[in-house]
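What follows is one chain in structure tokens, specifically the form predicted on its own.
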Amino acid sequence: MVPLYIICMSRVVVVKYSGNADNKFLDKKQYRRLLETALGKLARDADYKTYIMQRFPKGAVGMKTNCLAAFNPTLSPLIDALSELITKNSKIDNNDLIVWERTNKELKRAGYKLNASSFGRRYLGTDSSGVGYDDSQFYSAGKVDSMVTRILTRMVDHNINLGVLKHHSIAGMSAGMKNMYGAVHNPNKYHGNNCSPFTADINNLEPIKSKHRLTVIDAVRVQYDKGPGFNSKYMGYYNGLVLSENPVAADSVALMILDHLRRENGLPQLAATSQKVKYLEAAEKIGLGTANIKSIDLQVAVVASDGTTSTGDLF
């Protein structure tokens, strides 16, 4: 039998929560309902438990957070919900889950408690003692030449990219792919030309590409302008998640959501500004994924507060 994860690589699932009329932060139970629905959809409506067992059969799983903007980071209820699903439906122990970021300071500032012990879920910055960047070699792809965090090269077998959808003043958008700048030692070098083709090339580095299993983009609260630093004036509410195994396709759909929120708030589409998102086309050209929306199998589901699901529209 062909594994489920092989047949759903061009699929993007957007799952929206309809029970958040007050635009509050979602809790673990609400995130879990969204994740269960989305993972089932990724597996062509098979049981989400089967999907998890096949996608994460054993080993250590990294979870790359987005904590640079302290007031709009990857949230702990999402981490808790996803961790619970993985440990309850696979052979992976809680201590084999590594929630990681560039620095311990960023994790702590986002509300996470550091843990490098052999008990419980681990929370590590690359600057943790004994981690650092792998100096055994520089990894190269296109115009990128970098050392990569040992968390990816030595410590995990799989990685989940947990980005937060927001505007980015240089790249145009920060979602999944831009989040992986936090995996290399010299991200400051890669911001020219709207971060293109650098964002594509970073995601094409061997340790990042080979360990990638899933992109989960939090689009519950979306800062649609003046990012990536937090600015509450430009916060919109989509109340959804974007999931895909295809990192380029995930970001392409996320861009549609970001542009939708900009349009709703009287702002131009990013393609019409100096902050055009250029890296998606560059990523498709090197075979990293699908940027053309017409070639993406897009599935949209709506989850109600009682847990029932229905087919929905993107906007």
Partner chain sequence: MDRRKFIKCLGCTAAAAAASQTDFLPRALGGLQNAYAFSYTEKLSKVEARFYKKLEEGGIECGLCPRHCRITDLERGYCGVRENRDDVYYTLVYGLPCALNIDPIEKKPLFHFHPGTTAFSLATAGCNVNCKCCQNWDISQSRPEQTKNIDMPPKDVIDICRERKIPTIAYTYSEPVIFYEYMSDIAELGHKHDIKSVMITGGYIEKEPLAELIPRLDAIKVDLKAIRTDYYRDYVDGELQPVLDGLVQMKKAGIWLELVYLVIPTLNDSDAEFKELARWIKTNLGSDVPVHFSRFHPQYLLKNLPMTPEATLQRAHDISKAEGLDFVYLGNLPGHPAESTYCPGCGEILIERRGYRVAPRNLKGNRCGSCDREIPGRF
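Numbering follows the first chain given and starts at 1. Keep in mind it's a predicted model, so treat the numbers as computed, not measured.
Not on display, but discussed next: the form predicted together with the partner chain.
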Within 4.5 Å of the partner chain in the predicted bound form by heavy atoms, the stretch out of 212-220, 93-101, 148-156, 162-170 is 162-170
None of P77, P207, G236, P228 but one has a heavy atom within 4.5 Å of the partner chain in the predicted bound form; the exception is P228
In the predicted bound form, does A282 have a heavy atom within 4.5 Å of the partner chain?
no
Although the partner chain is absent from this view, report whether K189 comes within 4.5 Å of it in the predicted bound form, heavy atoms only. yes
Do R121 and the partner chain come within 4.5 Å of each other in the predicted bound form, heavy atoms counted?
no
Indicate whether A69 is a 4.5 Å heavy atom neighbour of the partner chain in the predicted bound form. yes
Original post:
Do all of R11, K16 and Y51 end up near the partner chain in the predicted bound form, with near meaning a heavy atom within 4.5 Å?
Top reply: no
